[in-house]
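Below you will find one chain, with nothing else, as structure tokens; this is the form predicted on its own, and questions on how it binds or moves follow later.
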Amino acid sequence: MEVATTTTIWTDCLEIIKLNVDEQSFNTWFKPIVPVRNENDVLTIQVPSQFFYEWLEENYVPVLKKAVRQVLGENGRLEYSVVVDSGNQQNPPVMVNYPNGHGIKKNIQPLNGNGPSADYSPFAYKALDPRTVNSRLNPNYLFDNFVEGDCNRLARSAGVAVAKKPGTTSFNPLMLYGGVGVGKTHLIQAIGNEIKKNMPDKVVLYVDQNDFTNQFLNALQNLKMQEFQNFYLQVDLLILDDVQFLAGREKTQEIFFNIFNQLHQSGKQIIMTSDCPPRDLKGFQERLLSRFKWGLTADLQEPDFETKLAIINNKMQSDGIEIPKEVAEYLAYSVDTNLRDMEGVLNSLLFHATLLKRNIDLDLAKEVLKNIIKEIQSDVSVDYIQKTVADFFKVGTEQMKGKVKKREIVIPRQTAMYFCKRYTQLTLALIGENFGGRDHSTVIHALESVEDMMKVDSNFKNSVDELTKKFKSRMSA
């Protein structure tokens, strides 16, 4: 009779809950609940996992309280029975009982009366074997082939420190940020590979946000949240790539927040990457962002000329290829984008040299580069930029391309170069070619001059802003 009475009470509660939550929430968070018993106005309900219990407590306490009190009266209370081990044919399931309400001491007690003692951890599980866990690391990403430069020195130094003492430095979490193709993934995986090599007893896991989110949603749909969380709580080094894509994903952020807290409190190391610093991340819970700032945040910038030169030589040497100095310098000057593009150019250069059975020389490099790096096919072309800027400053386009060094010509010339850098994909060297065959250093000086003038000359800044509107209007037309 008790079972029927308890079931009836919970059925009545569900009818009230259904009126106060949407259908998806009801199916996800209330249908899986099983009523266990009702004694002295205390209704015990069984939930399938620790995370399930925590989610209910954080998001649905008012709804549950309203339902229980309407059915059992003002003295009605709720107790959770949380499944922490689903058991097997030989061993019965293990439960933990949690009274409802924040700040109440948890009464840990297996329902079958034969389980673990009061110090039993709800996160007790069979340990992962570091030797069999797929860390998802690329073995080619190492510190040895990560070229250090001014653009990444702080980040690399922090990475080395973490690799030596994961979880025990102040760099926890370690947040690395930067644009596309600056080496973030290489560096974080180098940390993981170094730890695996020197500390084989550590469980290391690299995962990008997309995989993490998909794993979470799959666990949620299949009521496997405990298994999902238990797996991540055993990791000694968690590397989460491209964390910015968690923006707006409330439920995924919620579980990551729980995992982050417990790993950090346990002295485990957390490493993340993003395309911007934590302060600029949008669509994140404030409490999660605050935790991103607990450790060290370091940026990786686009490499300078010397670093690109070192990367080119390092890549060619690893492939057993000798590259002439003038070719390496030409590539370093001309590929003014990111390291992934540089790698693509080098691979193409090697392919052409092999296919055409030619030595790698400057002529071949120029030929290959011409086929790879092209101006964006858009209405904002170099010609359009030159004409628009020339008309704005009331000078001739041929004057801008010429050798005249008068201020009234130099400023429009530099401004046009500035917009070519912003609105085309031309390299610095090719921009210079379109302005009378000037070299890349002249273009760099032009860009710096324009940015400096904008800071100190409000009239000039207004001119640049007005020209920017013209180009944007042209692009959106």
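From 1 onward, residues are counted along the sequence shown. What you see is a predicted model, and the numbers here were worked out from it, not measured in a lab.
Quick note: we don't show the form predicted in complex with a small molecule, though the next part is all about it.
Enquirer: Can you check whether Gly181 is within 4.5 Å of the small molecule in the predicted complex, heavy atom basis?
Expert: Yes, contact at 4.5 Å.
Enquirer: Examine Arg340 and determine whether its closest non-hydrogen atom to the small molecule in the predicted complex is within 4.5 angstroms.
Expert: Close contact exists here: in the predicted complex, Arg340 approaches the small molecule to within 4.5 Å, heavy atoms only.
Enquirer: Can you tell me whether Thr185 touches the small molecule? I mean in the predicted complex, with a 4.5 angstroms heavy atom cut-off.
Expert: Yes - in the predicted complex, heavy atoms of Thr185 and the small molecule come within 4.5 Å of each other.
Enquirer: Spell out, yes or no, whether the shortest heavy atom distance between Val327 and the small molecule in the predicted complex is within 4.5 Å.
Expert: Taking the distances in the predicted complex, the answer for Val327 is no, it never comes within 4.5 Å of the small molecule.
Enquirer: Could you tell me which stretch in 256 to 264, 185 to 193, 227 to 235, 167 to 175 has residues with non-hydrogen atoms within 4.5 Å of the small molecule in the predicted complex?
Expert: The contacting stretch here is 185 to 193.
Enquirer: Tell me, which of Asn145, Thr397, Asn313, Thr388 has a heavy atom within 4.5 angstroms of the small molecule in the predicted complex?
Expert: Contact with the small molecule in the predicted complex is made by Asn145 alone.
Enquirer: Can you work out which of Tyr80, Phe292, Phe216, Tyr141 has a heavy atom no more than 4.5 Å from the small molecule in the predicted complex?
Expert: So the residue touching the small molecule in the predicted complex, by this definition, is Tyr141.
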